[in-house]
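To begin, one chain is listed below as C-alpha cells, in the form predicted alone.
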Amino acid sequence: MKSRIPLALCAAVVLLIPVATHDGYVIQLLNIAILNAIVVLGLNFATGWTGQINFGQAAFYGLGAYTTAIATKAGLPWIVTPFLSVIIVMAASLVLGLPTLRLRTYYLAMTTIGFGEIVRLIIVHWEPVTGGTSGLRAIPGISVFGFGPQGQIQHYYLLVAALALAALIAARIRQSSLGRAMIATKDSEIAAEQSGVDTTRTKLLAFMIGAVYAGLAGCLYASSIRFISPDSFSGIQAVLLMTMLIVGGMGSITGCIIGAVALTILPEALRFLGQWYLVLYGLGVIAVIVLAPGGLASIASLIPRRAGAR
C-alpha cells in the first residue's frame, strides 16, 4: 500500500498540471515530452533490456509520423493510421533486424545509423510527397468517428493516457518469459543460448516492439502537433533519445519517463542563459552519468546508501 502512495501523488500532480498553468506553450512542451517518453520506452526494449545499441528509433518515429501525415492528408480516416504506421515500422524493423541481429557486437548500431540517414534523405528529397525540408503542415488531427481532442489540454490528457498504457504494457512484457529472455540475453548471450533462449528471436522481438512504440508515438505526434519536418527525426534526435535513456536510467521504466521529460524541458528552461545554456545542459548530463551511473531514477536509492556509508 505504501509503495502506491508516491505513484498516486505523481498521478495527481500530472493530472493537475493543466489546472495550474494555462500556458499553451508549456502544455505543448509537455506533450512533446510525453511523446518522447513513449519513444524512449520503446528504445528500452532493445537497448535497456536486451543490450543492443539502437540508433534507429528516431527514424521509426519519423516513419510513423510521415505515414500518418501522408495518409490523413490523402483523405484516409485517422483510425486507419495507427495500423498503417505499425505495419510500416514492423516491416522496416524486420528487414533491418533479421540479418543484423544474428550477429553480436555493434552491427545493429552501425546499421541503424545508416538506416536513419537513408530515411532522412528520402524525406528530404521526396519533396512532392513529404514536403522536403519544409515539412508537412495542416495535418488533420486525431478523429475517431467524428470525435477527437480539441486544444492542447485535451491532447495532454490523451497523451498521458497513452503513456500510462505504454508503460503498463512494458511492465507486463518485462515480467513475462520474453522479458526474462531479454535480460538473460543482455547479461550473457552465450549463457542465455545454453539455457535454451533463442537470442536472435529475442533480440528481433525487442527491436520490433521498440519500433512499434516509436511508430505509434510518431502517429500521435503528427496528429497532435499537426506539423512535421525532417529535423524532428534526424540523427541528432536519435542521439538525444539515447541520452534520455541513459540519463533517466537504462532498463528502468520510470527512468525512461524521467529522462525523456527532463531532457525535453531542461533546454527550454535554460534558454534565459542564451548560448551558455548548452554548456550548462552538457555539464548537467555529464554530472548525472558520473555521479549516478544508474540514471536519475536511481538517485532516490543512492542518497540513503551514501548517507549510511558516512
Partner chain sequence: MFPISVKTLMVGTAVICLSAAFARESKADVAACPSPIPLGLTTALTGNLALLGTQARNGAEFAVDEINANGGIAGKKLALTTEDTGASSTDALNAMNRILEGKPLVILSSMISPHVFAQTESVTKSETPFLVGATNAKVTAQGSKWLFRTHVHDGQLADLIPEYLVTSLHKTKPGIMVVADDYGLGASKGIQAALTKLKVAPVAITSYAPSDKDMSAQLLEIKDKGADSVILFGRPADVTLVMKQMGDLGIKLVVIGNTSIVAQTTLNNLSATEADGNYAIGGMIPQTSTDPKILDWAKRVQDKYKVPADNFTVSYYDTVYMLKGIIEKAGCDKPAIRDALAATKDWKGMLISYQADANGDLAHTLGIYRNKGKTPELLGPIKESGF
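Note that this is a predicted model, so its numbers are computed, not measured. Positions refer to the first chain, counted from 1.
Beyond the structure shown, there is the form predicted in complex with the partner chain, which is absent from this document and is the topic of what follows.
Notebook entry, point to check: Among 50-58, 269-277, 66-74, 242-250, which stretch has residues whose heavy atoms lie within 4.5 Å of the partner chain in the predicted complex?
Noted result: Within 4.5 Å of the partner lies stretch 269-277.
Check: in the predicted complex, which of the listed residues (T133, Q154, S143, T200) lies with a heavy atom within 4.5 Å of the partner chain?
Finding: Checking each option against the partner chain in the predicted complex, the one that comes within 4.5 Å is T133.
Notebook entry, point to check: Is there any non-hydrogen atom of S229 lying within 4.5 Å of the partner chain in the predicted complex?
Noted result: The answer is yes: S229 has a heavy atom within 4.5 Å of the partner chain.
Check: For A91, is any heavy atom within 4.5 Å of the partner chain in the predicted complex, or not?
Finding: A91: no contact with the partner chain in the predicted complex.
Note to self: I'd like to know if D187 sits close to the partner chain in the predicted complex, meaning any non-hydrogen atom pair within 4.5 angstroms.
What the structure shows: Residue-level check for D187: no, no contact with the partner chain.
Margin query: Can you tell me whether Q28 touches the partner chain? I mean in the predicted complex, with a 4.5 angstroms heavy atom cut-off.
Written below: Close contact exists here: in the predicted complex, Q28 approaches the partner chain to within 4.5 Å, heavy atoms only.
Note to self: Contact check in the predicted complex: R120, V124 and I225 versus the partner chain, with a cutoff of 4.5 Å between any heavy atoms. Do all three pass?
What the structure shows: Verified in the predicted complex; spot residues all in contact, yes.
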